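Here you get one chain, nothing else, as structure tokens; it is the form predicted alone.
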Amino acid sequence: MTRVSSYLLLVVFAPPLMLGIITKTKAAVAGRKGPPVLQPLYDTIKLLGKGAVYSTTTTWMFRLGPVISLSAALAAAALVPLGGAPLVAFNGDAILFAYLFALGRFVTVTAALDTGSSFEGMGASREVAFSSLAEPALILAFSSLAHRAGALSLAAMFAPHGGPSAAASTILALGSLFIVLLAENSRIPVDDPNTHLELTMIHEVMVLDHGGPDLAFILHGAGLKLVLMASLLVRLILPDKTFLGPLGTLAFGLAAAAVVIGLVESSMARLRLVRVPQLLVAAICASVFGLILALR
């Protein structure tokens, strides 16, 4: 199997499978059977077969937002070493990776504001406010890993490195990136992807007016962001070479990450909105401490 074909399989099937494992884990903890693991894939296929309804108050930006957000996630996937070398790698691709995530968020927020709904504007303002704290944590964590690796490339930054100081800074970066993963993907305790309460919705409220293929693009792009962030954490924890092979190691790591996320969401409630910035500031502090240890 070539690198391109393996990438295509991962970007198509890994997001719904990971989301399905998370849902299945939460159902198992609650003592329920839960939906099938492939249910997110079935939902995406069903949405792709439906039509879309557009309000007369929306413009071309509302229709373009889902396409650009998915395209940004696909472009970011080419930079991440999924089960081996990435499709595109250069010194500084970590910065482009962060900017592609920011681009996807920007067009989603803009599409939500384009509806003219104060309800979606409320969710957009919350999304932007929390992302302004999540992005510094991401960049600072990348900085400590880049200093340790001596390069600003994701493939080099997320490769195993020895040494006590490297281990300490890596653990801090790992904790910070896990919090960023939960925040960027609207997971508990930052946000609840299943809630529909007006006062607590953040990401979900921004996509309420989307339907059909547009909603399928948004959901798959969000799942792909989760896979990419989890893949980086897997590379940071697991060795490159195991008896499972690169793709097998990645699949095992993604499944384990999905179970961990499901257990986290099952064991704690969503934080109050005023507490979310405190959690993200804690992630920033962990990244700063990791960077200080890396600079020593």
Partner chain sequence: MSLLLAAVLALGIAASLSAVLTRYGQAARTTVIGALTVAGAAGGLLALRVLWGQDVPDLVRPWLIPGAVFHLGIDPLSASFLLLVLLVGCCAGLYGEGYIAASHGHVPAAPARFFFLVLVASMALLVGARNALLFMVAWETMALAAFGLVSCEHGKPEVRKAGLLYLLCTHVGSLCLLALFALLGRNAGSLEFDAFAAVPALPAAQRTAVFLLALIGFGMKAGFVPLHIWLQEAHPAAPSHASAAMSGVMIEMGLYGLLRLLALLGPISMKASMLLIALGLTTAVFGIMFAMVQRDFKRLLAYSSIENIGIILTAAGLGCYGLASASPTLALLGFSGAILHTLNHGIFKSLLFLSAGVVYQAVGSRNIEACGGLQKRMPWTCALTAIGAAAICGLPPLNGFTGEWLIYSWLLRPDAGHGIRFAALAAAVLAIVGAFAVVAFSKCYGLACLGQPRSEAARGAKDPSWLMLGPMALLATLCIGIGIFPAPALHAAIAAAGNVSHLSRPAVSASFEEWSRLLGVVGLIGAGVWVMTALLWVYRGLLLRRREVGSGPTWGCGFTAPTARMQYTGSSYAVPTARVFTALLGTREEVHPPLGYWPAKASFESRTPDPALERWLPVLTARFNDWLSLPRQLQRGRLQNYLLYVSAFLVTILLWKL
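Residue numbers count along the first chain shown, from 1. The structure displayed is predicted, hence computed values, not measured ones.
This next part talks about the form predicted in complex with the partner chain, which is not shown.
Only one of 222-230, 180-188, 167-175, 86-94 lies within 4.5 Å of the partner chain in the predicted bound form by heavy atoms, and it is 86-94. Although the partner chain is omitted here, in the predicted bound form all of 118, 135 and 208 have a heavy atom within 4.5 Å of it. Among heavy atoms of residue 288, some come within 4.5 Å of the partner chain in the predicted bound form.
For residue 242, no non-hydrogen atom is located within 4.5 Å of the partner chain in the predicted bound form, even though that partner is not displayed. The closest heavy atom approach of residue 63 to the partner chain in the predicted bound form falls within 4.5 Å.
Not displayed here, the partner chain is approached by residue 125 to within 4.5 Å at the level of heavy atoms in the predicted bound form. Contact annotation for 92-107: residues with any non-hydrogen atom within 4.5 angstroms of the partner chain in the predicted bound form are 92, 95, 96, 99, 100, 102, 103, 106, listed in sequence order.
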